[in-house]
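Take a look at this single chain, the form predicted alone, given in structure tokens.
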Amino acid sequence: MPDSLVINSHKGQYQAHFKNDLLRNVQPFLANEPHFIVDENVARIYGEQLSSIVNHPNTILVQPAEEFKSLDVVSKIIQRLVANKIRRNHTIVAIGGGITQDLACFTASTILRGVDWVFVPTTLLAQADSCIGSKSSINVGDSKNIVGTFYPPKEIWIDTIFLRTLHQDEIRSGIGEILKVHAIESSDEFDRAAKSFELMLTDFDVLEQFIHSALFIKKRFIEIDEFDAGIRNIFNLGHSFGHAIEAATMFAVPHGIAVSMGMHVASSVASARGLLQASHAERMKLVLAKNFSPYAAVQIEIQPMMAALMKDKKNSSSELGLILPIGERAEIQKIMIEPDAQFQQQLADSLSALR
């Protein structure tokens, strides 16, 4: 069992604990007048083991779909919490994936000007990446992740037992983020993760070790730049293009798989612009293509992608702010690029190379 990680934040320290018995012992979560926000799929699959939580009078079930990560849903959650007489000394306990996390974090940070919250991530995406870092993100209309807060949980509890009922696409989605984080650390670390790709698909002990190493890498960056104002921007590697792919396909491609596609697009664009050696782009594509292979044939139109890219928060008023691998060591950097005809052709070529 990996050691707990201690993360420093603007609200003090919080810990990410690794456990293997959460489904057998939920009593700690029932103390101190909790309010539960639970992914309805988790409630259905683990209803018997989590019956004391699912049937708790202060439990709110949420749908884990992108269209429900909205201010309207947050408003309904707040109305329920108020009806359940939430107080500032109470705790919100979130059990689910990234959408549940975003809804709970945003709600906890704003209701009563802030209450404590605890997170039990149940997807690989959440366990290996989003659970630390303090961020919440909520969609408004077709603008993805346009409002949000920085509000860390009081504690995180990670148990890979939840991963065993995930669809293979959800495992691949989480592996996409694991590959991203290890690429940020170094090309050697990316290659180490790439060599274990097949094992991560089937061996949960191996997967747990890469969850821990991904969080250990990310911890160093978020402690330096918790508010995403500088170096932490590089954790958007694959995300500008990935979010655009999601938007252009009406979210037909799962997030982490879209990130794998986005990482390939980023390395292809960097190579086409002479910023990255072609050998690095090819080296990275070997494992990225394995990860997004079930979706390689999905049709991605260039114009919806460009429209989504133009809304990215990293942009200036006239240039795209893109996170790309650069130089002889494929170091990850933010580069400002004009969205001109040359860039659009490079983007189109990189999309063609996905197939």
Ligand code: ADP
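When you see a residue number, it is the position in the sequence shown, counting from 1. Being a predicted model, the structure only gives us computed values, none of them experimental.
Only in words, not in the display: the form predicted in complex with adenosine-5'-diphosphate (ADP), which the text now covers.
- Of the residues S267, T107, S260, T100, just one reaches adenosine-5'-diphosphate (ADP) in the predicted complex with a heavy atom at 4.5 Å or closer; this is T100.
- Of the candidates L275, V73, L166, V115, L166 is the one whose heavy atoms come within 4.5 Å of adenosine-5'-diphosphate (ADP) in the predicted complex; the others do not.
- The stretch from 230 to 238, 136 to 144, 119 to 127, 180 to 188 that comes within 4.5 Å of adenosine-5'-diphosphate (ADP) in the predicted complex, counting heavy atoms only, is 119 to 127.
- Here the marked residues N41, I45 and P64 all reach adenosine-5'-diphosphate (ADP) in the predicted complex, each with a heavy atom within 4.5 angstroms.
- Although the partner is absent here, E170 sits close enough that one of its heavy atoms falls within 4.5 Å of adenosine-5'-diphosphate (ADP) in the predicted complex.
- The closest non-hydrogen atom of F210 lies beyond 4.5 Å of adenosine-5'-diphosphate (ADP) in the predicted complex.
- Under a 4.5 angstroms non-hydrogen atom cutoff, adenosine-5'-diphosphate (ADP) in the predicted complex has F162 among its neighbouring residues.
- In the predicted complex, no residue of 221 to 243 lies within 4.5 Å of adenosine-5'-diphosphate (ADP) by any heavy atom.
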